[in-house]
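Quick setup: one chain, the form predicted on its own, written in structure tokens, and binding and motion questions come after.
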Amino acid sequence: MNIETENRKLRTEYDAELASLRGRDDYSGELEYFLQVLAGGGRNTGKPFAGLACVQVPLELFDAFGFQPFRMRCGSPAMCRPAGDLPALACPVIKSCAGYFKCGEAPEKTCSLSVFPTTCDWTVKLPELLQLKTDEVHFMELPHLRKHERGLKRWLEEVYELKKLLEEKSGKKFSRRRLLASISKYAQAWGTLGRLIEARRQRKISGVWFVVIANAFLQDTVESWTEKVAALLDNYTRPRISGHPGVFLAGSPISFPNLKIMRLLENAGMEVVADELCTSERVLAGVPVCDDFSESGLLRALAEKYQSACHCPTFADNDRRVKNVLDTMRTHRLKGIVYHLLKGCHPYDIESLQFEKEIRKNGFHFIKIETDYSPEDEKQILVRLEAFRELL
């Protein structure tokens, strides 16, 4: 593998997607900041990067210890090629992430530590596939029972282990003052995300731009992202749009620069006005509820926040996920749901069976689109989406 050649392909891919976004009718200068964040592969503030493989990890802890949380990139079709030694049926998220690690001076390779929650078997085996050193990797064992006290107890133990690791890596002792300041930062970001979600519901911002902005959160500092989104919401005016039917998007994550399904949905005459993707509306957990400001009280509040807010299909007791989707669809009068499934993404694949049953039972239209990062199936998918639109 020629690393220089692969990096050239990656830059070409990024440039093409950025140019496409800048050429949209609803592009304006307020959106350029988020494109720059994504183009740069993370905003460097001089703080050490902590690479995260999932949004389940408590971001406030990293910030409190002086680390810059950085979601490992995993949306590049070009980066699937350098990972050609992985199994053919490997999830494209894993293939792409592995490719970034192997190519050049990627931020993923400069992280002081990398944290892998055990959300799926691919994620668990990724450090081994990448031949990462043991002292560079930290696993957080995700309990599969979310609503039971024993599940929370197990997750709380993992949060304490993470705190201990961050103390060792940073050389700093735990500080309630610093953690409270970090919790406040992310609470402001949560409020701003809520405003952004409401703007999307009212179609003041498109589904494509929502995903772009949410993806930028995973690469940016929380303070800068919050400030720029607030400014965007105060100043951005979307051009007048036609009456495309709104749909709900569920399933596997969508990561920049692979906006394939979002583009196809628009081309088919539909608009995503709500989703539950972990790279979009679920990119940030809620605000911890804390009435005990001791160290143990704060850490428990953080653990509860991330445990209760996560709707990942890895959980065995996850009926609230479908209920939340149905509530949103009823509230906003959406008639259809598009279930986006990446090939090799086993948890979402298994979940889709019961998910479809519940959606249809409640009188909504449902379509499952199984795909990967390649463009070969785009025409076929577009035909299916156009037919689905006619049902709406």
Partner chain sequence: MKLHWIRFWVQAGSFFLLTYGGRLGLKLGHCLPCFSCPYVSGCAGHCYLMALQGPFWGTQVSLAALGEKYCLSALGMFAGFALLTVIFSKTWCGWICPFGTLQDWIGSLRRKLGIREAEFSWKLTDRLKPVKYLLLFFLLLIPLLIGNAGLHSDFELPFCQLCPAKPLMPVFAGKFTYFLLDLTNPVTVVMGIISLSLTAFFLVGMFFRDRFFCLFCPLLALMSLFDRVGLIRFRKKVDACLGCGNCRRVCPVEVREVHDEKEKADVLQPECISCFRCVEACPQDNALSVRWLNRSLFSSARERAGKLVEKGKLP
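Note that this is a predicted model, so its numbers are computed, not measured. Positions refer to the first chain, counted from 1.
There is another form of the same protein, the form predicted in complex with the partner chain; it is not shown, and what comes next is about it.
K.L.:
Identify, from the list Gln202, Thr237, Ser296, Thr110, the residue with a heavy atom within 4.5 Å of the partner chain in the predicted bound form.
P.N.:
Selected residue: Ser296.
K.L.:
Answer with one of Ala90, Val124, Val287, Leu129: the residue that has a non-hydrogen atom within 4.5 Å of the partner chain in the predicted bound form.
P.N.:
Of the candidates Ala90, Val124, Val287, Leu129, Val287 is the one lying within 4.5 Å of the partner chain in the predicted bound form.
K.L.:
Counting any heavy atom within 4.5 Å as contact, can you tell me which stretch out of 48-56, 65-73, 327-335, 342-350 lines the partner chain in the predicted bound form?
P.N.:
Correct option: 327-335.
K.L.:
All three of Arg176, Ala187 and Asp291 touching the partner chain in the predicted bound form at 4.5 Å, heavy atom to heavy atom?
P.N.:
Checking in the predicted bound form: Arg176, Ala187 and Asp291 are all within 4.5 Å of the partner chain.
K.L.:
Would you classify Glu276 as touching the partner chain in the predicted bound form, given a 4.5 Å non-hydrogen atom cut-off?
P.N.:
Answer no; every heavy atom of Glu276 is more than 4.5 Å from the partner chain in the predicted bound form.
K.L.:
Looking at the partner-bound form in the predicted bound form, is Asp319 within 4.5 Å of the partner chain by any heavy atom?
P.N.:
Residue-level check for Asp319: yes, a contact with the partner chain.
K.L.:
Taking the shortest heavy atom distance, is Lys357 within 4.5 Å of the partner chain in the predicted bound form?
P.N.:
Outside the cut-off, so no.
K.L.:
Are any of the heavy atoms in Ser308 no more than 4.5 Å from a heavy atom of the partner chain in the predicted bound form?
P.N.:
Answer yes; at least one heavy atom of Ser308 falls within 4.5 Å of the partner chain in the predicted bound form.
K.L.:
Quick one: name the residues from 141-157 with any non-hydrogen atom within 4.5 angstroms of the partner chain in the predicted bound form.
P.N.:
Sequence-ordered list: Lys147, His148, Glu149, Leu152.
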